[in-house]
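In the block that follows, a single chain appears as structure tokens, in the form predicted alone.
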């Protein structure tokens, strides 16, 4: 850092600190915080030399690294008086401004800013009548300023009176009043003391006008508040007079009523104490205030809860079994599991069992089973639909400090039931969503944990409520979408698709009588024959449940109702022969699967959220260049499964009588029909491998065989999920033989008995076993051609002794 004398002005090379929203004046001390790395390095450089530093304001406050163009030309050379650490990465600096100075140019910008500055010393202003008048006017305006802005310390007022120099007076006042930094910079940049004072006078006059307007607004607001207090006081007097005259109910009486109800509830000590405190607060509040109504509503909701009100449960297993059998056909395992839970509840009322989750496709009776349980036990039934719930406050309530706050759905359901031991059905629990408002699934963890829900806290109630007596049931279409911690708290019971026979019995025993009653039709006026019911099930519906079947029966009833209105004596019989007159042409055909053996066409099995389905897979092999085409709206996993199947076939091509270079000379097109429906998953692996083998070897596949299983490159068959639903689909389609992975044999225990009686299952370990079962004949090995790859795959183990 050097000192250069140039044109009677001293030139210095100094470190620079760019200030944000702060202007420092000569002959004045100021304290401020420094946090930017460049500024801290500049202070360090200054402390190593003469402790002088150049302080200049930057134009853009948002700029974190200002350059020369972003700094005002005029600043102040200051002496650093004290430096001490303010925080881990910041300093607090005490400086004293010495001279105005102007930047000539920057000598460096990194690691800190350094600049050549020229000091501009201002001579003392001679005392003239004009300067004296300006000083007096300035002091008068400053006195007016401090009358409007009363936060000016007395010592500053004294220093203003003492000042006798125009320039110093302008600098001192400007640095101690509240102005924008642009206006302060304007004063700093003016070198002529008289003009500097004139500029300050203009600023003070404008500032005083603004302060006067602000004071007028504040005075009006205060006057309005005083008027509101006066009106409130008069209203309270009127209320007191009305009470003395017996013309109005006293708020104190209402608080006493609340207090009596709290005492009658016999709550735990802490809960009772809190509600009594709220009653005391309510008594001291003016009834016209908003807080009074909020607290009053809170007390009403709390007192309306069934803290100690229980319904008389009569758990009669024989009666419960009769109710379930009467209202639901089939579902034997579901009924058995429910009866077991009721037996445990009867023997140990205080010991709550596992929360039951009924999982199954739409229309199989999940919700109605819950209603039947409540009816059998004699407890209140409340249903909570969780589909699309995104806000966790829907479950645990809102804080009562919020406008429009209310309890969560759980507490609201208990309040609606009126007892503390209802049956609450949490419907569609797999449809919960989560976003920035929270995760409602996590909020349910405490609700569905019998070890924790004895002291459930709702944010609105803010008191522990015992949910341990509540019988919770949940329903879902797909349990795999339920978060693992929540699923762990529930005992999953699967309701599978109905068989054709079950649908028939449900229609005859439940749906037809229900729809006749609903449409006001007598049994003698409308008769639906058994053959017609079978035809509706097989030709007009294709579903896991019975909702579509019920809609078709309702459609027939509506048309018959029209006939009966015209002729009350009319009698209608619906037969298979005249069914199309009422329901139109058949929507589904019986021949869902091919009735003959085909090359390259295999029956796969797929699982969907509405049950299992037959998934036909077609493969065409054509002369080409080895391209692979995959169509049918396949997902990534299914595409990878197809590639694995092709590689698996390549490893045993010679043994299967397939040319070993087919992957170079043949184009393979794999297509899964119903291209508009997305399909994914690895369980079609063996079906694809079988179809590819059939297409390349020109061997037919048996039409009465369906299969499911994941394939590996070595030809191993891996286990899959959804076996129960898939086998039900095979049963509905009339398949007689189903190939399954050997590791899925244990899952056959869950398959319906009627399915096991109608289908022969073939557990397999490797692809070779699949081909033996699925192809009409095994392809014969092909002799190696001269120059062809003579490598053969390792000998395969005997399927009869293969291990999974």
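Numbering follows the first chain given and starts at 1. Here the structure is a predicted model, which means the values were calculated and not measured.
Just so you know, the form predicted in complex with a small molecule exists too; it's not on screen, but the next bit is about it.
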{"item": "Of 528, 299, 356, 511, the one that lies within 4.5 Å of the small molecule in the predicted bound form (heavy atoms)", "value": "511"}
{"item": "Contacting member of 176, 547, 669, 479, with respect to the small molecule in the predicted bound form [4.5 Å, heavy atom]", "value": "547"}
{"item": "Among 181 to 189, 320 to 328, 384 to 392, 128 to 136, the region lying within 4.5 Å of the small molecule in the predicted bound form by heavy atom distance", "value": "320 to 328"}
{"item": "Contact label in the predicted bound form: residue 506 to the small molecule, heavy atom within 4.5 Å", "value": "yes"}
{"item": "Proximity of residue 366 to the small molecule in the predicted bound form, heavy atoms at 4.5 Å", "value": "yes"}
{"item": "4.5 Å heavy atom contact, residue 407 and the small molecule in the predicted bound form", "value": "no"}
{"item": "In the predicted bound form, residue 361 touching the small molecule (heavy atom, 4.5 Å)", "value": "yes"}
